[in-house]
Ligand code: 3PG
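To begin, one chain is listed below as structure tokens, in the form predicted alone.
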């Protein structure tokens, strides 16, 4: 069994607290730091103060830096963390948390060693048990829509009772509340309130409106 750093349990406490506080986590993809700041402001105005910037574009890290500098109060994480090098890149820009789309052995070990609040992804009970064995107490269930949706979340409560879930992938405004009602769900992730088309067209008013509805689903409005 790999050695666990002394700060790792505390980092899991922080990851759980972050996800529970967010309830609805916007997964944001931007093409510039300017877009990132504008989206973060719109989300914050709509009542969503925790956001995940996906490491899918060259602008993602610059966007995280700009948001932290220009939008006080927003909790900013890095998503689509796929390899250990992504963790170090994210650390350098001061992210508040990490989210992965899947979790290799090397990535899991690096997350433990980093002690940055992390929600690693799993798609099966076996993967969840492996994460639990490493000390993780919260996991992203991805892509939940293709895996069985709400029924899978409910079924996992029995065999994996100690693992909190953050379902993502295929969740929208219509069914988010049903996921959030499950006792093993800390939050849900989604992009329905941050449409790439809206961002490209500068329709931040639509993001604000959608964020207000999402915030209400999360109990914030």
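Here the structure is a predicted model, which is why all the values come from computation and not from measurement. Numbering follows the first chain given and starts at 1.
Below: the form predicted together with the ligand, not depicted.
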Handout entry: Exercise: residue 46 in contact with the ligand in the predicted complex, heavy atom 4.5 Å
Key = no
Give a yes or no for residue 168: in the predicted complex, does one of its heavy atoms lie within 4.5 Å of a heavy atom belonging to the ligand? yes
Closest heavy atom of residue 56 to the ligand in the predicted complex, within 4.5 Å or not?
yes
| query | Within a 4.5 Å heavy atom cut-off, is residue 97 in contact with the ligand in the predicted complex? | reply | no
Of 185, 176, 27, 42, the only residue with a heavy atom within 4.5 Å of the ligand in the predicted complex is 27
TL;DR on 149 to 157, 185 to 193, 65 to 73, 30 to 38: the one with heavy atoms within 4.5 Å of the ligand in the predicted complex is 185 to 193
Checked 138 to 152 against the ligand in the predicted complex; residues with a heavy atom within 4.5 Å, sequence order, are 140, 142
